[in-house]
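In structure tokens, one chain follows: the form predicted on its own.
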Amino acid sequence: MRCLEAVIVNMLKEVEGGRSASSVFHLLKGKKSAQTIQDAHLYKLSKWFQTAPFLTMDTFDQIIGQLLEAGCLTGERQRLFVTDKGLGEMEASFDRTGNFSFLSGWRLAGTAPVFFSRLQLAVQVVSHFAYSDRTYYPVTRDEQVQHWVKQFFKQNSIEKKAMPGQLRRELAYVLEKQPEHPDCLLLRFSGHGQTGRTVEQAAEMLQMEATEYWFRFLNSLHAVIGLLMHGKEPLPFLRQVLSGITVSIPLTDSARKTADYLQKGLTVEQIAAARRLKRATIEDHIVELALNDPHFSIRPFIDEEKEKAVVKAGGTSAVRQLKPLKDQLPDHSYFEIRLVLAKESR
């Protein structure tokens, strides 16, 4: 079983027939819809959010078909279940690759690509500077990244002559601390007399299947970013490269608009009328806010006793589907149950 297939099987095992195969596809692609965001949190799949942006629906459908044919999955596309064979092959795959425990797709999906593009260009600039060579083409054509890197070198407090040594020391430190082979990252850098490898070229050089390399690369990159965010080590160069990228609370635009109305004191019905949307849509936005904003209070929508009842009924990780909980809590609405699960999952 290839790495991407193992990831898909793992995700299908988590939703356990409660969501369709398409929900897994949208999670891997990073679709910014209220439903996908809720799925990521409620089914504990946020680490995989937007970790396979290259995936197409045709390729995904082919993988699902192959897994069904191989006996790793059973059921229909709307309700797929992982067989014992699928579970065994998935576990064997993760035994080989690890379970990518540093992946943080939901938190870093917007941060990691920008950070890596900045770092690639910064490494290229410093490398050519060390050899007094200005004749090279920038490794990225992204004008925003190019502008940022130019400003970075103009305003940096580190002396230019000291930069090569400083960058080398900081990279050596973070690469020693991350879980994958250092070449998962190093092979992607361009420098004086060296051209960075593509994903496919790096995978071939490391003798890995391409999707295994991709997830190892992401795991390594996310581990480095996590160290820069939360570690206390003096890493001034790399921390400046990371600065100003992270988005604090990722929400859909529509949920943000609903949040603005809530702050003005409008009720769900009033917001639905003002925005000409269904009540259920506004409720989706409120669940999204409960998932993502640690300061968001669910108390205006459910009282404390009802909240405790949901927590008690859904206290085990096995109870994530809404209908079994609703059967236990006939006096609760689905909206109230979803709100509590959202708060608990964050």
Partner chain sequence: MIIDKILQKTFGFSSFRPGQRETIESLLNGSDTLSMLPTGTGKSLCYQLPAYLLEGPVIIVSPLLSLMQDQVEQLKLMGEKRVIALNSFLQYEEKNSALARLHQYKFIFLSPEMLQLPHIMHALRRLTVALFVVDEAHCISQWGYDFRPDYRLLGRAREMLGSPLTLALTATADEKVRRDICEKLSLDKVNEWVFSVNRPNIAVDVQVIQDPLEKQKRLTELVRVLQKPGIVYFSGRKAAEEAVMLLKNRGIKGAAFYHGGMDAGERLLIQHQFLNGDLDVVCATSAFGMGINKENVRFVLHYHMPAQMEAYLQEIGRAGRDGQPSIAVLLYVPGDERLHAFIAESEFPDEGQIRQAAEEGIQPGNVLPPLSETQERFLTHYGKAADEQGRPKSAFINQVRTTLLARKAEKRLQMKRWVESDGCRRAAYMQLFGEEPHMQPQCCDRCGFDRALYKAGRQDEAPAEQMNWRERLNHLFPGQ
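Under this definition, the rigid core comprises the largest set of C-alpha atoms superposing within 1.5 Å between the forms. Residue numbers count along the first chain shown, from 1. Model, not experiment: these values are computed from the prediction.
Another form exists, predicted together with the partner chain; not displayed. Remarks below refer to it.
- Residue-level contacts in the predicted bound form: of Thr267, Thr74, Thr140, Ser243, one residue has a heavy atom within 4.5 Å of the partner chain, and it is Thr140.
- In terms of contact with the partner chain in the predicted bound form, the residue from Gly110, Gly88, Gly165, Gly231 that brings a heavy atom within 4.5 Å is Gly165.
- Judged against the partner chain in the predicted bound form with a 4.5 angstroms heavy atom cut-off, the residues Leu187, Gly191 and Gln194 are in contact without exception.
- Residues with any non-hydrogen atom within 4.5 angstroms of the partner chain in the predicted bound form fall in just one of 74 to 82, 219 to 227, 196 to 204, 98 to 106: 196 to 204.
- Taking the partner from the other structure, the partner chain in the predicted bound form has no heavy atom within 4.5 Å of any heavy atom of Leu238.
- Though the partner is left out of this view, Asp293 does reach within 4.5 Å of the partner chain in the predicted bound form, counting heavy atoms only.
- Not displayed here, the partner chain is approached by Glu176 to within 4.5 Å at the level of heavy atoms in the predicted bound form.
- Tyr136 belongs to the set of residues with a heavy atom inside 4.5 Å of the partner chain in the predicted bound form.
- Residues of 112 to 127 lying near the partner chain in the predicted bound form, listed in sequence order, are Val123, Val126, Ser127, the criterion being any heavy atom within 4.5 Å.
- Thr83 shows a C-alpha shift below 2 Å between the shown form and the other one [criterion: core-superposed Cα displacement of 2 Å].
- The Cα position of Arg275 differs by 2 Å or more between the shown form and the other one after fitting on the rigid core.
- After superposition on the rigid core, the Cα atom of Phe301 is displaced by 2 Å or more between the shown form and the other one.
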